[in-house]
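So this first bit is one chain, no partners, the form predicted on its own, shown in structure tokens.
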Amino acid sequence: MIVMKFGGTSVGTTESIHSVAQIVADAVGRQAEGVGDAQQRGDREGCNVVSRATVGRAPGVLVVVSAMSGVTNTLIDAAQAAAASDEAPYRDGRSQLLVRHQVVAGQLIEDGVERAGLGRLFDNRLQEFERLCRSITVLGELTQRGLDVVSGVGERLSAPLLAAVLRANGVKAQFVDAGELIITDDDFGNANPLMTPTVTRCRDRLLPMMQSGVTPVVTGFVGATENGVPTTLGRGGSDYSAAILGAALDADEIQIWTDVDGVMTADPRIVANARSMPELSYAEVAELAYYGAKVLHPKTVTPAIEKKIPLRVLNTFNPTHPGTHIVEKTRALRHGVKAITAVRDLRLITVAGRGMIGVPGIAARTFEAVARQKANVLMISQGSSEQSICFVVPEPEGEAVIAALKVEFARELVQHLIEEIASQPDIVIVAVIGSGMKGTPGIAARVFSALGAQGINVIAIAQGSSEANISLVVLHAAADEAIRAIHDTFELGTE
């Protein structure tokens, strides 16, 4: 069994949805042929190969789909405008989204009864959206719980649409709302799955469908609490949805279909000769996702790692390309480095002072203050002298973190035990990724030589004990040149 997730660009137009339908139909056909071949082998050998191979799972294809590109932004912008008493965006949004989805249905579905049913579903969903926005306007407030309901509407339009298009292409497909399958906590906006009830729901609902030859088309991004309150898994969470469902059903492979030929060695907009990598490990793709690569949601690999399910990143617009295969372990490259990525719009914060030397608890107090601001720390660097700690946070969180640290260390600042709490804006973390770097001498030297040759100053550096990532802080103005220099030094643009 395979899980196929299609992102917003993959279902963004009539033409792309038609391509997705063909890709899914081909996959369903191959799965059916595989089961048929296994059954024939079983008949020849006098045993039931299919039943042995599919205990607790089902053959076939499970599809997970995002909202059409741009739809989620339209929904969120309309809800935020409603909270500010502006009713025009949600009224216009309702009309535009209705027309956009109806146009696709009209062009790809010939059955008039099917189209009429879809039209009613679209209208009902968008009426619910409009009613919710009207309530937001009256209240003058948009809660995260309310935003989860609004932002999940796009998937609840695209999934039934794709299911109907698949049926029009001869695939037995049925729409399923992930709110009935993925049970989460109530951390609205960034909910976490409760896997025990989720596994039970998925197996009870999806396995009988797939065993009867039906292809479920499931909404990505969304879930629900045990009480049925809608939640979302965070922006980009459709990848996470696919991994959760794949893990729940013990899938053979999880495919992430997007608009690039797999995971690239660097951003091709920055590095002209960036290329698709044929293979990555779970650890490598987790580092890439965390440090800015846009292909996979950072949480995606977690359920796959736990079940050791391979992932594959593929291009909807170039389906014959093999993409990137993501597995537990891969062969190491001769130079150890596989990819370069970057996180931008960051601020470097430094807590420094000679009075910090040998004083226990400074680091703990520093990060407790940061945690109270719910700020995300992307990198930490501290010298062995203990005279300073520096760390990196997203730029929008920087001022609040600095203010919290000044309150926390007010006494130490007066006594000059801590001499400064400073920050540097407009910085970028450049991350050099590759599990093969572990035990390979000279990696760091080559990185710094590459940057030195271009006159690029490194402000801070960190390397974890896994040695799969060397992170460097550079000024924003130097970031692109740094990425190109490292990419060229390790010849990542060649096979």
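All figures in this text were calculated on a predicted structure; none of them were measured in a lab. One rule holds for the numbers: they count along the sequence shown, beginning at 1.
The form predicted in complex with adenosine-5'-diphosphate exists for this protein as well; it is not shown, and the discussion that follows is about that form.
You can rule out all but one of 345-353, 364-372, 260-268, 389-397: in the predicted bound form, only 260-268 has residues with a heavy atom within 4.5 Å of adenosine-5'-diphosphate.
The listed set I402, L194, L142, V295 contains one residue whose heavy atoms approach adenosine-5'-diphosphate in the predicted bound form to within 4.5 Å, identified as V295. Among residues of the shown chain, T9 is one whose heavy atoms approach adenosine-5'-diphosphate to within 4.5 Å in the predicted bound form.
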